[in-house]
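Just one chain follows, in the form predicted on its own, and it is written as structure tokens.
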Amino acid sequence: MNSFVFENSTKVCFGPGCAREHLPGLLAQYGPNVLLGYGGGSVKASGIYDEIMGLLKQAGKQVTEFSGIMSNPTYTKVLEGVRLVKENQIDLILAVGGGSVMDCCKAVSMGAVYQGDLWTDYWENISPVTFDPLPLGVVVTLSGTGSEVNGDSVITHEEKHMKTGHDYPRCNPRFALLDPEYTYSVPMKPMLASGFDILSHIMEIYFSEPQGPNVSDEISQALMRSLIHSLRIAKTDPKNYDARSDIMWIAAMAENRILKLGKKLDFQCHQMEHQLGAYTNCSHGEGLAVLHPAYYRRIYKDGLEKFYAFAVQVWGISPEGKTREETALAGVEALADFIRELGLPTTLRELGVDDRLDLKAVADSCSIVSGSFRKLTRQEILDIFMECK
């Protein structure tokens, strides 16, 4: 394994009723003024808003609401949150929602303290964070990004057509409340798209050096098998607690940095989807579902042994009567079949992308990552986008 430094400072409370059990004690550690960040109406329709607001009021907190946080949160929305924090002398930010809400509130927690150019210094230039952001806690209602257990904050700068983020350990939430029952109200389509985002995170860690046997890859194989099994159950039985609790914890395991130890990391497909999202505001998980098979068909021979193991160990494909290349490719096709089984889109057109989008401009804006089995050229990225039309 490669050398590494491991750090994770988030306190995780997991299980049904964990907000009622743990949030009052956690709130007591902070001052009276709380910024409550959330998205649209779903958190209110589900009753989660009323429960969290009741707990905040019982704790004697003054609550400022920061609502309307959108999927693919924008830098403009971040600045709105920063303004609310400063105007109301906020002591704690509490993000209630999925990855977009958590990411936006992390960025607000940085902007509340930092006096310089937040976007340029920490999203474009990836400067080291040398200050403590405003304290942030999260209540997860949609499992997918794993943002609850890391310092990553993916934000879209609309004017610059940039969607990017970086994992800053100092930006980890102070605490994360993970109640699988809070995810029951999520509609099927976003639940499955977010589930695929979890799988994508694990695959992009798995499909990178080192190629030989290592602990991270062994764990990743087990998590991928469990996730595939649980997503199939949740698709037919959305309130199956065992399935939803497994999905929730796998999302956290995928992004709490443990799997990444000793790995180079790929995330080229994530880079491509981020820029596609910057230009189209498409669903992140759905965009990944469209791009992954095409990307892996292009690179599987460069990481043949890992793709072979993926086919055999994750999808249970028998190598009998097949070459190693044929077996590896069968694993990629099994992934493509699973995407169709979940009912996720398989083309850009299904994402709502039409011929008006300049795919070359999108491809030219994509970063080229260094951790993949083979560095793509921007022409190859364009070719993948064209193949996915």
Ligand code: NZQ
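Start at 1 and count along the sequence shown; that's the residue number. Note that the coordinates shown come from a computational prediction; the quantities given were computed from them, not determined experimentally.
The discussion below concerns the form predicted in complex with the ligand, not included here.
Visitor: With a cut-off of 4.5 Å between heavy atoms, is Asp246 one of the residues that contacts the ligand in the predicted complex?
Guide: Heavy-atom contact with the ligand at 4.5 Å: absent for Asp246.
Visitor: Is Ala309 part of the interface with the ligand in the predicted complex - any heavy atom within 4.5 Å?
Guide: The answer is no: Ala309 has no heavy atom within 4.5 Å of the ligand.
Visitor: Taking any heavy atom pair closer than or equal to 4.5 Å as contact, tell me whether Met253 reaches the ligand in the predicted complex.
Guide: No, Met253 is distant from the partner.
Visitor: Could you tell me if Ser100 has a non-hydrogen atom within 4.5 Å of the ligand in the predicted complex?
Guide: Flag for Ser100 set to yes.
Visitor: Please pick out the stretch from 296-304, 139-147, 83-91, 126-134 that is in contact with the ligand in the predicted complex, where contact means heavy atoms within 4.5 Å.
Guide: Contact criterion met by 139-147 only.
Visitor: Just to confirm, with a 4.5 Å cut-off on non-hydrogen atoms, which of Asn240, Ser216, Thr280, Ser71 contacts the ligand in the predicted complex?
Guide: When the ligand is considered in the predicted complex, the option within 4.5 Å is Ser71.
Visitor: Taking the ligand in the predicted complex as the reference, which of Phe196, Phe207, Phe175, Tyr182 has a non-hydrogen atom within 4.5 Å?
Guide: Checked against the cut-off, the match is Tyr182.
Visitor: At a 4.5 angstroms cut-off on non-hydrogen atoms, which residues of 16-51 are near the ligand in the predicted complex? List them in order.
Guide: Those in contact are Gly39, Gly40, Gly41, Ser42, Ile48.
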